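Here we start with a single chain on its own, the form predicted alone, put down as structure tokens.
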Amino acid sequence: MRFEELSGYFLELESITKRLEMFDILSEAFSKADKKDISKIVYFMQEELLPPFFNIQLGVADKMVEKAISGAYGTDINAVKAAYKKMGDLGEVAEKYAKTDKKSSLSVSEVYDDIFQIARISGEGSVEAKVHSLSTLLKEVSALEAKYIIRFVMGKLRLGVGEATIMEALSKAKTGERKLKPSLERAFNLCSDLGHVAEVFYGGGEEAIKKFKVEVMRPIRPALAERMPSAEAIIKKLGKCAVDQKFDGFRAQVHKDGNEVKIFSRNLEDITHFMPEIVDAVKLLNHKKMIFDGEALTYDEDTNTLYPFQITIQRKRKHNIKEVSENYPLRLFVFDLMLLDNTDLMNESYKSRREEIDRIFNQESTISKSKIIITDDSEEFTKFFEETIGAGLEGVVAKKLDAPYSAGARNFNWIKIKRSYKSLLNDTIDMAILGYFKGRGMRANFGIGAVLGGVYNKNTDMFETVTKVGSGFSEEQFKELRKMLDDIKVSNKPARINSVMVPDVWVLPKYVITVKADEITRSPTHTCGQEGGIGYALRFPRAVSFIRNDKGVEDVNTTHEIIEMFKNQKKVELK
């Protein structure tokens, strides 16, 4: 596929307001792609060169793009800056100065590879080299292509395409139906790389996708826990189950291949660099290949006491890692095992996986195992819970003994109870920012007074509104929030947002915040779980965190969870 043709699809996607239209456009685009281009097309649609765990950063700033446009089209740099100030979009500036009669024959792969090489440039003179390479690419493409190339390198393509919609469209493009979406989703959950999944699918079809297996160094999308209000309710749901300690640290998925070790965060970013003592300890394990799941916390070596998350978070830095690791060493508590040597354990029972953990790990080393009990007695469950929170931990997770590792899923194979659960709404709710309302009174100076928040409906791949939040942010946070949201604002409601309420400014779902609320009520104003014109809404919400960089927008709480919390909010107890 020529990149000019793909740019035409970008133009169509930019103007649509319905998810079904988005699906049709993607299906048509994918149907014209071959194995060579499909992974790159998917990455462009996702607005990334590669998934985050590859650590590929373009490193292209506004001033560099201005110089590239000036050099490509022989336009005075001051004229480019003036046009940018007026138009607010360097993609449109490039389109303005590009030769309108220029035709391009570059393929999607050729454009992708050129941009990828720009990302690889580093070291002394890298700024000038990046500007030169980008300028050279702009000279070779049409005005429309230039617009979308610039938007892409600046992280402002603003298509708003979701993973679920991409998978449905891939299935439709190759089979004429959406039926293979579950198989594609399973493969994606095993490798967290939708471009790779698409390439495998286009190369080997349905058979290749159904045989897709977990691979070392490709992170598995983490299994997640549901919530229930009481030990009694959990025992009634699961029967005899394992009750595992829940830690408040860094979720860490460890991959070992010989002497090579990588560690991935909950959000599937490579965090190996700030866990050197964990890496060294993993290398000593007597198994060539391993993938295991755990939680890393800092601790006091003299007293063997775990530090709270506020101290653990200090480890997340790029510099002075050695010094910080000496003062605040990490211990990793292993709670699941997905691959051991050449044996895939994903579909083995939790009981079997835990037996391997007990065989390999102890409770004293840098790499330790979590402590569990197995019970069908709610009083024993509650006692273990109380002992756990008494030790300063966050709570417990009950685990179904015969369940596989459910990659990328939140289900009742794992059920959590935290120390904050005097009421389910004492726990926090993560939601996506879908738009904002301009400030009044004192907040008029900020230009923002509240944000429109939404949760994710996995069945429809839509974000449904659940509340309007204006409290909990500081003045400085409001100012920063306005700047961040203006960078992703769009003129029309994005296709994946279901909303009755209309904010002053719509934004693409990108940023996650955490809130608390007094209760969940039924409301005609919000679309979360809406039936017969009545949905669910948070009453008296307030933000308890600023932007959650550790969570992707589709990792927010779901419509299903909000409905379950509504049902259980009056029933919470611990025995």
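None of these values were measured; they are calculated from a predicted model. Each residue number is its position in the shown sequence, starting from 1.
The protein also exists as the form predicted in complex with a small molecule; that form is not presented, and the subsequent description refers to it.
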TODO: Establish, in the model of the complex, whether 19, 112 and 158 all lie within 4.5 Å of the small molecule, using non-hydrogen atoms for the distance.
DONE: no
Open item on the list: Which residue, 312, 165, 413, 245, is the contact with the small molecule in the model of the complex, using a 4.5 Å heavy atom cutoff?
Closed with: 245
Task: Heavy atom within 4.5 Å of the small molecule in the model of the complex - residue from 95, 199, 193, 295 - done: 295
Open item on the list: Test of understanding: in the model of the complex, would residue 151 fall inside 4.5 Å of the small molecule by heavy atoms?
Closed with: no
TODO: Using the partner position in the model of the complex, report whether residue 335 sits within 4.5 Å of the small molecule, counting heavy atoms only.
DONE: yes
- [ ] May I ask you to check whether residue 178 falls inside a 4.5 Å heavy atom distance of the small molecule in the model of the complex?
- [x] no
- [ ] Report whether the minimum heavy atom distance between residue 548 and the small molecule in the model of the complex is within 4.5 Å.
- [x] yes
Open item on the list: Counting any heavy atom within 4.5 Å as contact, can you tell me which stretch out of 280-288, 218-226, 339-347, 129-137 lines the small molecule in the model of the complex?
Closed with: 218-226
